[in-house]
Structure formats: C-alpha cells, structure tokens
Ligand SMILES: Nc1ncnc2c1ncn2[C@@H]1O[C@H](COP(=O)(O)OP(=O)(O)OP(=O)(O)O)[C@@H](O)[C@H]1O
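For reference, the chain that follows is the form predicted alone, supplied as structure tokens.
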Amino acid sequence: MGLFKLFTQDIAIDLGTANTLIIHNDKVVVDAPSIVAIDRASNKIIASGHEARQMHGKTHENIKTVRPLKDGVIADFNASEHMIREFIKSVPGLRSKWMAPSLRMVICIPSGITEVEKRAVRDSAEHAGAKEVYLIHEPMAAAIGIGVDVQEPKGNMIIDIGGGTTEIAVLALGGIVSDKSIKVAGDVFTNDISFYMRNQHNLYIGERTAEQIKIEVGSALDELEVPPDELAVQGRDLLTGKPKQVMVTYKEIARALDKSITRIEEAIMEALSMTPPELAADIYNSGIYLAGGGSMLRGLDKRISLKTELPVYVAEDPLRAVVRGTGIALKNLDKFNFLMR
C-alpha cells in the first residue's frame, strides 16, 4: 500500500465552461481558460489555455478555436481530453517526475448532469491518465470551499454561477436536498452584452470585448453606491463597416443583463419553494452563499437579497471556491462518502 501511495499523485480539477483550475499539493497550479486551438488541415490541437485564448476571435481559415465544454458538460470529447492532458502536463509537481505517476482525480460536475455526461467526464479523465476518478457536484464543492460544514444537520443554500450553468442547491447532512440547475450564467451574460451593443449602438463586437465590458462595467443594478467609470468600447459599425468607438455605462449593461438575472432569480425562488420547512428555517437564519465568477457581478448579491428577503454573502475568493472545495474533498476521501466513483 505504501508503494502504491508513493507512485500515486492526487489532483483536484474544476473543469469549467470558461476556466479550468487544478489543485495539486494544496496549491492551485493551473488556472487557465477552457479553450483549445485546432489546425483544420491536420485536425491537430496546436494550443490550449492562455495561448489558445489569445488566438480566440483572431484566427485565419486554417485555425479554429474551440471551447470543449458547453453548459458545464463536455461537448467535444477529443478536444477536452487533449486539454485535460495538456493542463496535467503543465503541473510543476508532475512534470519533474522521472516516471509517470498514477493519478487519482476528483472532478466537479454540475448537479443537473446526466449519466451519459458523467461517463464522458470519466472517460476524458481516464484517457488523460487517471487511474481513479471521483466526481463531486459543484454546489457541494463550492460549499466545502467556502467553509460550510456540509455534513451537519443544518440547511445551507449555495448558488454557484459559473460560465455555462448556475447551480442552486440546498444542502444538509452531506447531500443535496433540493437543487435547480439552469443554463443561464456568465456566457449568457456575455451574449446579452454583444446583442445589446448590436441593437443599441449598431456596434459589432467579439466575445472577448463583451467579456471585458462585463468585467469592467457589468452590473445587476442600475443604481450603485460606487459606480464604475464609463468604458470606451471599440468594434465594427454595422451600418458603415468602419471601426468605431462608443462609450458604455454600467446602467446600460444592467438593462442588457436584466432578463437573464430575472431568470436566475426565478430559479432561486423555485429552489426555495422545494425546500423542506425545517431547512427553510435554517436558511432564514444563515442566509444564501454565492460562489463562481458570475457572483462577482456588481450588485448581484444585493439584487438577490432584495428578491428573497434573505441575507446574501459572496465567497471570499468566488472564482476558486469550487476548486478549493474539490481539493479538500480529495484530501478527505474517507470523510466525504458522497463522492461518486
């Protein structure tokens, strides 16, 4: 058994639609965009992660960029397998090994995932070199990462807003009591912004520019105590075809995102309506926890709080809450018996 442990390396993976994070030896060693660049002629993958992200939206006809995950699940099996393999190769602690170690992985998955989609995640991990694969639901991993004791007989509500999905779950006794998974999250926000810029300003912008707008001036409320400055946005004028610049305010982006955020609010209310009364009482006292990159949208916590009339808390490092929780679960495999093999 000791010899087996010597040649086994544990890694925790948050395989996200927008970003993939890997923990090895209690450290986040990979934090890269979930994207690959493929040569159309040979069908070979020529770049992944940050390098492929630099190419996104700027490629010629011989190169295409692909995001292997869509709505939190694997959409392109070969590309995802290669991406996982490349990210694992870049882990410093594994790169220096003279012999390829056996890998034990814990990978987080959306709570609304199907058996077929689970199989795709497992197969991708096994083809990338994993000997043991465990799966954990994203809301559970987020709760553990935030520091919530998920195994006590107390209800906790977690909302994880990622790139592809928003995962809403009520947890108690190490399990998910009620949950709601919707395909409205960071990517939909980005598309909303692109659509708004085309309709209101006749400006055609790329995905990367829309993402930048979301980060720089994105807001869930049209009245903020500390508003961000106006942002200069460049793109192509749809009427003249010329490059053009317009100034955008956070109030405009709040209007652009309103419908999508309303859908998230409705899903939260639906999850609350399915919650048993004893757990609802716990949530009334403890409030709602937000994690994931989408939770960083300005004013979102306040808007959800106004809708639910409950206190809402954003995790300290929301982008890494899920992978942190996945890493803790990996270190305590015996304790967290809800992990799926």
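In case it trips you up, residue 1 is the first one in the sequence shown, and so on. What you see is a predicted model, and the numbers here were worked out from it, not measured in a lab.
Not on display, but discussed next: the form predicted in complex with this ligand.
K.L.:
Report whether the minimum heavy atom distance between E211 and this ligand in the predicted bound form is within 4.5 Å.
P.N.:
Within the cut-off, so yes.
K.L.:
I'd like to check something about G293: if you look in the predicted bound form, is any of its heavy atoms closer than or equal to 4.5 Å to a heavy atom of this ligand?
P.N.:
Within the cut-off, so yes.
K.L.:
Is L297 one of the residues lying within 4.5 Å of this ligand in the predicted bound form, judged by heavy atom distances?
P.N.:
It does: once this ligand is placed as it appears in the predicted bound form, L297 has a heavy atom within 4.5 Å of it.
K.L.:
I'd like to check something about N19: if you look in the predicted bound form, is any of its heavy atoms closer than or equal to 4.5 Å to a heavy atom of this ligand?
P.N.:
Looking in the predicted bound form, residue contacts with this ligand include N19, since a heavy atom lies within 4.5 Å.
K.L.:
Based on heavy atom distances of at most 4.5 Å to this ligand in the predicted bound form, which listed stretch, 127-135, 162-170, 231-239, 80-88, is the contact stretch?
P.N.:
Among the listed stretches, the partner-contacting one is 162-170.
K.L.:
I need to confirm a contact call. Of M247, I215, L224, A75, which residue comes within 4.5 Å of this ligand in the predicted bound form, counting heavy atoms only?
P.N.:
Only one option qualifies, and that one is I215.
K.L.:
Between D179, E252, D187, E117, only one gets a heavy atom within 4.5 angstroms of this ligand in the predicted bound form; which residue is that?
P.N.:
When this ligand is considered in the predicted bound form, the option within 4.5 Å is D187.
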